[in-house]
Every structure is written in C-alpha cells, then in structure tokens.
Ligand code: HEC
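Single chain ahead, by itself, as structure tokens, in the form predicted on its own.
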C-alpha cells in the first residue's frame, strides 16, 4: 500500500526527493561538519555558536577565557591540536562523564571537570557552573566526541603510562636533556616564547595541575615532545626531564593553601 501511494502521480515523494533524502542521510551518517567548516560559515545556530566559542576558548584561552584564567597558558598547550590529538590528553571524552575522580573525591560531571581546569592548569578561579565559558567548552567537548561509545574510554585517551624503568627520575639528567632539546621553544628558564607555554615560574601551571604529576608529565613529554621528534626520548629521559621541570618554582596548590594564593596575588608574584 505504501509503495503504491508513493508512486501515485502528483505526490511530492518523487525520485528527486528520494535522492535528496538519501544525500542528506549520507551527510548525517558521515558525522557533523568539522570545526574548520564551522569557522568558515557566515551564520551559525545557537548550538554551533557555542561549539565555536568553546573551540576559541580552548585555542585562545588568554583572550576568550581570560575572566577566570590566572596565567597566559592555553588549554591547547596540554590538549594538543585543540584537544584532537591522541595521547595528548584529547578532549573527545564527553561519553565518560559523569565519573568518580579521586582528585576531588566526588562524582564529576564534565562541567566540574572544566571548571577545575581553570583552577589548576590555568591557575585561576573556578567559573560558575552556568558561565558561558563552561557551557561553551562543554559544547565543544561534546561536539568532538561524536562517534565515541558512551561509557568507554576513547582510543588515545590521556597520555601513555610509561613502564617502570627500574630507576628513580633524575632531575640532574633531566636538566641536560632540557638544555639540549627544550630550550629552543621553552627558553632557558622555562619562560616560553610567544605561542609556546611557560613550563615553570609564576605564569605556569600550579602544583595542583595534572602536569605537576611527574609520571603524567613524563607520558606527555615522551609521546609529544620535542615537536616533530615525538617518542625520540627514552622512557627514562622523559621521567628525568619531567622531574626537572616539576622541581622548579611554580604557583602553589590551591587545595593546600588559600593564603598562599592570596599572598601571590598581593605581592605581585602572579599576574
């Protein structure tokens, strides 16, 4: 009966309409447009506007996330390629939340996870849960998580866990590795250059950030540094340079000393 109705003269469901429907289905099944495509569009609906705003916060945090940032780092300094590079703390993890997190001892939604990044990695203050910045970054994370399985970790999540080398990290060897491989981009004193983040000092991540964990920093360094020569360091070298970087002066862990954060601000040690 349905077939006969569809083929009756005068109905709108013609072969041309059928072809257009199939084309639309193919476009949908291929996934959403890329961020680069959205950036080229002259008009965006509310959802895609939020996605693009979230992308800009991730890639130009010092401009679009400045209200709650305490340093000049960008989210993409750790979440490489705007959170789209495997083994570089990618952001396609929306399907994994909410989940328990031992760092704060509670069940975290994606919003709280984003808010805490402002406190630790960006050494700033926690945005309200309904702030435009948090909602936009959440929209972006959800957008690039398209196609991932809810409840499962995506491939390349986080950073690689390096095997135990049998030796403790050696900061002295780490300094030699840093001087040879890292100063060109990050500077002799870890101060960075335009477009490259500070690794220590009062404009760097604080002691509560994920990168302040030597094992995590080592996995990131081994998988992603130096740029263009990824995985060229040995596992021990990665541990050593991570230990050297993390023994340098940086802002304190806000969980341990609220007075320290106030002192840093009052004395001008922090911007």
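These numbers come from a predicted model, not from an experiment. Residue numbers count along the first chain shown, from 1.
Heads up, the form predicted in complex with the named molecule isn't pictured, but that's what we're talking about next.
Novice: Would residue 124 show up as a contact with the named molecule in the predicted bound form if we use heavy atoms at 4.5 Å?
Specialist: Output for residue 124 is no: heavy atoms all beyond 4.5 Å of the named molecule.
Novice: Is there a heavy atom of residue 214 no more than 4.5 Å from a heavy atom of the named molecule in the predicted bound form?
Specialist: No.
Novice: Does residue 32 reach the named molecule in the predicted bound form, with heavy atoms at most 4.5 Å apart?
Specialist: Looking in the predicted bound form, residue contacts with the named molecule do not include residue 32, since no heavy atom lies within 4.5 Å.
Novice: Using a 4.5 Å heavy atom cut-off, state whether residue 233 contacts the named molecule in the predicted bound form.
Specialist: Output for residue 233 is yes: heavy atoms within 4.5 Å of the named molecule.
Novice: Going through 213-246, which residues have a heavy atom within 4.5 Å of the named molecule in the predicted bound form? Please give them in sequence order.
Specialist: 216, 220, 221, 225, 226, 227, 233, 241, 245, in sequence order.
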